[in-house]
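A single chain comes next, written as structure tokens; it is the form predicted alone.
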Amino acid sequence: MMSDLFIAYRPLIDLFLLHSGFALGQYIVLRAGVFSVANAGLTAIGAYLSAWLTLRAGVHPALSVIAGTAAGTLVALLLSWPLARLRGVYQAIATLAFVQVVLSLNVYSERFTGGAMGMNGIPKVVSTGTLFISLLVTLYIIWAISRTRLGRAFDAIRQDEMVAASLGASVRYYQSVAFAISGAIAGYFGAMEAFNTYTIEPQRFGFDFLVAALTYVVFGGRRSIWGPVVGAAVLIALPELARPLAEYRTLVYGLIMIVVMAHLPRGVFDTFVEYLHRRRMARMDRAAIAKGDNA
């Protein structure tokens, strides 16, 4: 019974694992105070390069995944230098332009990408177990980073760049590192998607993808590494629980972003964690008061 249920929902589970990875790639740059939406383009680069290497050049899929990850890292690192001169909405516009350039190249470079029809016949060598392990490893890496000086620098820059700079943190350097990590995650999970879904096409990494990845982080929360994962889980399951909503996924995501940013700016998961923390502190205060009265 459980095996039948797993087989029935396996595509949805794979989708959740992949999109959780995409959300974590988006999360890491937002954590460093960079308003970037470049992950859609970086994911497309990882997916197309890895698929092309295997289909056209006969490279082993494992090596293709490594190449896709390296390409995402390198392009993100190169992109970070001009973006370091921009702030806020200007970063968002510049990275949106980057995504549009990548999308256009994938559509019109038919000789290499297959054009609007995309690339088909990609061997499915990435299983649900591989995606699950990949997500766990990614979560561990980000958790480990958050406990180092690098993670503390990301938090300081996000909260106040001027204060972080006055404490000796190089804003440009740390944001470039955040871009590189984000590009590596995006390129890797882009390659994972290519080898999990048989086919890729340009529109898969277009505006809908961009909105979805951003919504996962905003909905779940930008402070905890579990926020993007929870956001991806809820928002992927939502259209499945209410089938009529599936056709209007992007509209639903947009409305959810508006509601959450207006009423739960920390995100659903982070707000819930903060609520539990306040309750625990209140219980401790009451216990301390009761102990003092008894004394």
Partner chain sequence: MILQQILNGLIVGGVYALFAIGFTLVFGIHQILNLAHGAVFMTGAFVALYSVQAGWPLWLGFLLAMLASGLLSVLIEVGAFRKLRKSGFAELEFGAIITSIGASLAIMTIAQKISNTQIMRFPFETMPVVIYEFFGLRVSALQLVMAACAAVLVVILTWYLYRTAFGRQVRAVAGNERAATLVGVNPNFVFFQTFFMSGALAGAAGVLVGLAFNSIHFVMGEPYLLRGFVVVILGGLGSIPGALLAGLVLGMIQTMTVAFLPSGLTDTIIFSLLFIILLIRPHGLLGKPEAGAMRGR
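Here the structure is a predicted model, which is why all the values come from computation and not from measurement. Positions refer to the first chain, counted from 1.
The discussion below concerns the form predicted together with the partner chain, not included here.
Residues of just one listed stretch (185-193, 127-135, 218-226, 161-169) have heavy atoms within 4.5 Å of the partner chain in the model of the complex: 218-226. Contact annotation: Pro265 falls within 4.5 Å of the partner chain in the model of the complex, judged by heavy atom distances.
Interface residue remark: Leu30 is counted as part of the site for the partner chain in the model of the complex, having a heavy atom within 4.5 Å.
Although the partner is absent here, Ala144 is not a contact residue: none of its heavy atoms lies within 4.5 angstroms of the partner chain in the model of the complex. Taking non-hydrogen atoms only, Arg85 approaches the partner chain to within 4.5 angstroms in the model of the complex.
The three residues Ile13, Ala233 and Val273 each lack any heavy atom within 4.5 Å of the partner chain in the model of the complex.
With contact defined as any non-hydrogen atom lying within 4.5 angstroms of the partner chain in the model of the complex, the contacting residues in 254-287 are Gly254, Leu255, Met257, Ile258, Met261, Ala262, His263, Pro265, Arg266, given in sequence order.
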